[in-house]
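Only one chain comes next, encoded as structure tokens, the form predicted alone.
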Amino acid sequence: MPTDAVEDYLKSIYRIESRVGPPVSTSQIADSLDKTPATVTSMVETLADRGLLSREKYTGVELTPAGEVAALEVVRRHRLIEAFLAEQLDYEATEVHDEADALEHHVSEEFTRRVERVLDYPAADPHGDPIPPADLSTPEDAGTTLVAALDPGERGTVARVSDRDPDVLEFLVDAEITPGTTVEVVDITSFGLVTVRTSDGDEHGLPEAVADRVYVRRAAESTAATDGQEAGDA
């Protein structure tokens, strides 16, 4: 069974790959886990020796098939725990990440399956991140784009928000820019400030660092996804 540290590294690399694609650099991993480059290099060598990473010197690393399965297992536990805390124990979206980080290494697969069943097999965690299924296949996350990619006047539905920065997440929660919220881009400045209007008419200026954490589905794509879901339920 992987150690807590190994699981943390695999989860971090998976998240970076999901966001920007491989290869993942040592500095990206170090920033994500708040580790020194030397510490990361040592662990990367260990993971490569175990067949969990493929490594190209001076380029970066990529999860092997075995490494991806191991990463998906811990990501699945983490996101199901977040969903359970939010839905069953009334935790706020800003509170669940740290709690899930503490619990994810210490629950069994049976516990995970029971949580999933109690929650009626949720597709996403409270931040909108897709929950890997029990077969540990890569979860579907198609059709999303950064809110800054919308043109002024264009609308979209928030699909997910990053939980990596607690201050950014708290800002978005306070502004009620959370999964399921419809936003309209009002303006995008030359220095990256994105002004959005929510359905209640309130306008919020999102600095570039915040806008880069908000993923939306364009209005037409959101409607198509809803229509497809309704057709599937019929």
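Keep in mind that this is a model prediction, so the values were computed, not measured. Numbers follow the displayed sequence, beginning with 1.
If you look for the form predicted together with the DNA, you will not find it shown, but the lines that follow are about it.
Looking at T189, you'd find every heavy atom of it more than 4.5 angstroms from the DNA in the predicted complex. Although the partner is absent here, R55 is a contact residue: one of its heavy atoms lies within 4.5 angstroms of the DNA in the predicted complex. The DNA in the predicted complex comes within 4.5 Å of no heavy atom belonging to S199.
The DNA is not drawn, but in the predicted complex it has a heavy atom within 4.5 Å of A38. Proximity to the DNA in the predicted complex, defined as a heavy atom within 4.5 Å, singles out one entry of D167, D174, D34, D49, which is D34. Contact annotation: of the candidates E45, E203, E208, E184, the single residue with a non-hydrogen atom within 4.5 angstroms of the DNA in the predicted complex is E45.
Residue heavy atoms within 4.5 Å of the DNA in the predicted complex occur in exactly one stretch of 191-199, 175-183, 63-71, 23-31, and that stretch is 23-31.
Residues of 5-21 lying near the DNA in the predicted complex, listed in sequence order, are A5, V6, Y9, the criterion being any heavy atom within 4.5 Å.
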